[in-house]
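Just the one chain here, the form predicted alone, laid out as C-alpha cells.
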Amino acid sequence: MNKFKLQTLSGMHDVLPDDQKYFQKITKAVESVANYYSFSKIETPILEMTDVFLKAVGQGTDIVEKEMYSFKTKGGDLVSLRPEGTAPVVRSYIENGMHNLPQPVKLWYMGPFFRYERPQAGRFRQFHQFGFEILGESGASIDGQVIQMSYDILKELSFKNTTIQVNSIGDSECRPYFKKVLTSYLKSKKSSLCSDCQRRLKENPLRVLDCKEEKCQVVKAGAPQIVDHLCEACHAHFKQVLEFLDELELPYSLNPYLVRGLDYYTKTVFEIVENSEEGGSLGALIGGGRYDNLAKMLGGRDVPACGSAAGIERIVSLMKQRDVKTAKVEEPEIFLAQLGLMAKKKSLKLFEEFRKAKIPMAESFSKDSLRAQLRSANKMGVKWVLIFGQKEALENFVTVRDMETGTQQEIKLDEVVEEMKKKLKK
C-alpha cells in the first residue's frame, strides 16, 4: 500500500504570508488605477458552463484542446473551471442586461483561474489574474486607455524597461482573405513546422504565428503580414490606435506576428513585454486586445469591447527577483503584558479599545510569565509596556513602563488610551 504523501497537487501552490505582501501591492496598484478610470469590480463564478469557453476561446486553441479542467456535474451539465476572465465577464454582461446601462461599461476583476498545463517556473495550474474590460464602445480611444492603464500598473510596480508590442489582426471582413494567403504560404513550408503547427494549419492557421517552438520561428519570419491585408475600416482603426499611443508618449513597437492565443480577438492586439539589458524580450507581462464579436459568439447582440489581463504569479516572481519594496507593516510602539486570569479577560477588552483608536499594539496573550512577556517586548523594540496584573485589574489602573528609562507610572484604566496617544505624539 502506497504511503499517503501530504502535499499540494502538481501545479498547485500555497500563497504563503511572504508572498501575500506582493499580492497586496499588486491589488493596491490595480484598484488605484481602476478607481481613477471609473472601473467597477466584478466577480464571476469559478465554475462556468463549458460552452462559454468553447464558443468564446475557440475549439482549435490550446486552452480548449489541452488545458481546461472540465467535468460533468451530478445533474449532467458539462462545466469547466474558468481558464480565463473575458468570456465569463461578457456572459455576465449579456445575462444581466448590462447593455441597458450607460455605455461603455467598465469592469475589472481579480481572482484564481485554472489551466491544466505543464507546471514550470512561474507557471501554475491554479494561478491568479487581474483584468480590465470595457464593453459597448468601438472607438480607438478605448484601446488606448486599456493599454495606458496596463502600462501604468507595471510602472507603479517598479517595472522600468517595458515595451508595448502591438498589431492588428483585422476582422471578419479582411481576415478570411489573409487566412487564405497565410495558409498557402504555410502549406509550402509544412515540413519545417512542428507537429502542433502542422495540425493547426488545418484548423486555425493564425495560431501558427503564436507558436513559440524554435523550428517554427524561421517559417514565421518569412510569413505574410496581416497589416498588409487589412480592410479600410481596420486600417483606419489601427492608425488611430497608434496615434493615441504616440499622443500618450508610450513606448511601442509594431509586431506583425502578434496574434494572441484566443479566437475572440479582432483588430487591436497587444502585449507589454519586459526588455532585457541586451535588448531582447523577457516575455509578456500583460496582454489583451479588442474582441468586438465575442458577445455575438455567446448569443448576445453586437457589443464592441476591449480588455487586458495579467498573470499575478509571474509579476510577483519578477518583483521578488528585483527586490521590489512592499508596504511596511506599521510596527507597534506599545506592548500589552497581562498577568492572571482576571487581567487576561479585561486585557482583551483593553486591546480592542486600542484597535478602535487605531493605535497599533503588540501582545502575548499566550504567555503567563511577566519576564517572558517583557522579553518579547524587548525583542520587538517597543518603547512602552502596559503591565496589567491582578492588582491593576481589581483597582482599574494600568502600570506603564518606559522601556528606555525603566521608569513606571500608574494610569487610570479609562484614561490609558488617551494618555498613550499623547505619549506617542511626543
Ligand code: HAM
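Numbering starts at 1 and follows the sequence shown. Everything numeric here is computed off the predicted structure, so don't read it as measured data.
Heads up, the form predicted together with the ligand isn't pictured, but that's what we're talking about next.
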Legend entry - Options 127-135, 98-106, 348-356, 163-171; stretch whose heavy atom lies within 4.5 Å of the ligand in the predicted bound form: 127-135
Inset, instruction - Answer with one of I153, A310, I142, L298: the residue that has a non-hydrogen atom within 4.5 Å of the ligand in the predicted bound form. - result: A310
Inset, instruction - Answer with one of I226, L336, L262, V208: the residue that has a non-hydrogen atom within 4.5 Å of the ligand in the predicted bound form. - result: L262
Legend entry - Exercise: I286 in contact with the ligand in the predicted bound form, heavy atom 4.5 Å: yes
Legend entry - Non-hydrogen atom contact R123 with the ligand in the predicted bound form at 4.5 angstroms: yes
Legend entry - 4.5 angstroms heavy atom contact with the ligand in the predicted bound form for P332: no
Inset, instruction - Give a yes/no on whether K220 approaches the ligand to within 4.5 Å in the predicted bound form, heavy atoms considered. - result: no
Inset, instruction - For the heavy atom contacts within 4.5 Å of the ligand in the predicted bound form, list the residues of 79-116 involved, in sequence order. - result: E84, G85, T86, Y109, R115
